[in-house]
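As a starting point, one isolated chain is supplied in structure tokens, in the form predicted alone.
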Amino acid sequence: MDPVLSIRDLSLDFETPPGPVHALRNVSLEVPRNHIVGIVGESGSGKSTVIAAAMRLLANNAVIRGGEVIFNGRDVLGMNQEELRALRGEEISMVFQDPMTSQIPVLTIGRQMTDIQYRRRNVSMAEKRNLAVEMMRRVGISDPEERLDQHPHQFSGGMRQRIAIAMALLMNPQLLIADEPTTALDVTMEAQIIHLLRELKESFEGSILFVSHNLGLIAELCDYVVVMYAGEVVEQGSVEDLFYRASHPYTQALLECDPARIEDATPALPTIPGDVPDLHIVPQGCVFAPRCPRAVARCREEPAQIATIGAGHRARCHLLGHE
């Protein structure tokens, strides 16, 4: 399928006093048009670094060692600052984990939503306000004409996240990136936000790249899933492939730790033994081998290669047949 975003062999380091942290290594993934792709993995797996690289929102100590980030046929890594300013917000928008990071507390929501439309030079301020009101209504904010003049602290956490989504969609971008947008919400509001994203994806005919550690949300929302571990993509495929035919030991371990899959009462939730490795030094063999119950000598000595399990379903593991 024609991808709106294609990340190819992306490798990225962070320079630190003890030495470079090899945060991403040969990461490849695609976001097909009009589809939702989820990225899942433990903290420290590189999920947020991937999306930061996709928008070139990286720290000053980040060094891209190789690869491409292709958006609509253009390499984002080769864009100058003017091109990036035109890209961000208009063609690619982001919803952050905490909506207060994207909302200025001393300005009204209306002021912020009209400011976002600064590139619409031929549109009057009254029209910009009407567009903001309509977008607030579409994300489920009642009485938007009056509430547009309120400040962020006058809204609940769930409503602020809805407003953050409204702001991200105001310029009708082709790709919406959501970085764990429901983490700070209760389960009821979380379900409403997920339902809202699905509805908006259909109405705006856009694509969504959704980052989360919550497997239940990924299963409910996404069409395709990318599993990351310690800076590498270890498995990717359709949501059915990942949840019913998981092939990589790490994906299988993540699913076994999902509380929703535990049928019998237990005093403690299952966990994956061990920790994500220190990426100052990349392991010689498979990056998951120290925590893998099925690891053999080869897993500790040689980097794992990509194996094709089915159409669009691939995993990086010595235990599988390879391309």
Partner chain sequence: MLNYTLRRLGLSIVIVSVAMSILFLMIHLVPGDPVTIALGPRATPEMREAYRARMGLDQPIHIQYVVFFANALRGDLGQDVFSQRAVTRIISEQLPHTAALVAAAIGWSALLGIVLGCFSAVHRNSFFDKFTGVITVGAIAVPSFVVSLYSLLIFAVMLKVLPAIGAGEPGDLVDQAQHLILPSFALGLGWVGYIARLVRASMLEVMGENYIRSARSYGLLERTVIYSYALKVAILPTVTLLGVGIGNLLSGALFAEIVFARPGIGKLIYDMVITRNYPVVQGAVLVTTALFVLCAMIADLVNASLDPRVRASL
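Positions refer to the first chain, counted from 1. Because the structure is a prediction, the values reported are computed rather than measured.
Keep in mind that the form predicted in complex with its partner chain is not shown, yet the notes after this line are about it.
Enquirer: Tell me, which of Leu57, Ile281, Val296, Val63 has a heavy atom within 4.5 angstroms of its partner chain in the predicted complex?
Expert: Contact with its partner chain in the predicted complex is made by Leu57 alone.
Enquirer: Note which of His153, Arg245, Arg137, His195 lies within 4.5 Å of its partner chain in the predicted complex, where distance is taken over heavy atoms; exactly one does.
Expert: In short, His153.
Enquirer: Among 246-254, 114-122, 203-211, 227-235, which stretch has residues whose heavy atoms lie within 4.5 Å of its partner chain in the predicted complex?
Expert: The contacting stretch is 114-122.
Enquirer: Given that the partner is absent here, does Thr101 sit within 4.5 Å of its partner chain in the predicted complex, heavy atoms only?
Expert: Yes, Thr101 is a contact residue.
Enquirer: Verify the contact flag for Lys128: yes if a non-hydrogen atom of it lies within 4.5 Å of a non-hydrogen atom of its partner chain in the predicted complex, no if not.
Expert: The answer is no: Lys128 has no heavy atom within 4.5 Å of its partner chain.
Enquirer: Look up in the predicted complex whether Leu107 has a non-hydrogen atom within 4.5 angstroms of its partner chain, and give yes or no.
Expert: It does: once its partner chain is placed as it appears in the predicted complex, Leu107 has a heavy atom within 4.5 Å of it.
Enquirer: Though only this chain appears here, would Arg88 touch its partner chain in the predicted complex if you measure heavy atom gaps against 4.5 Å?
Expert: Contact check for Arg88: yes, within 4.5 Å of its partner chain in the predicted complex.
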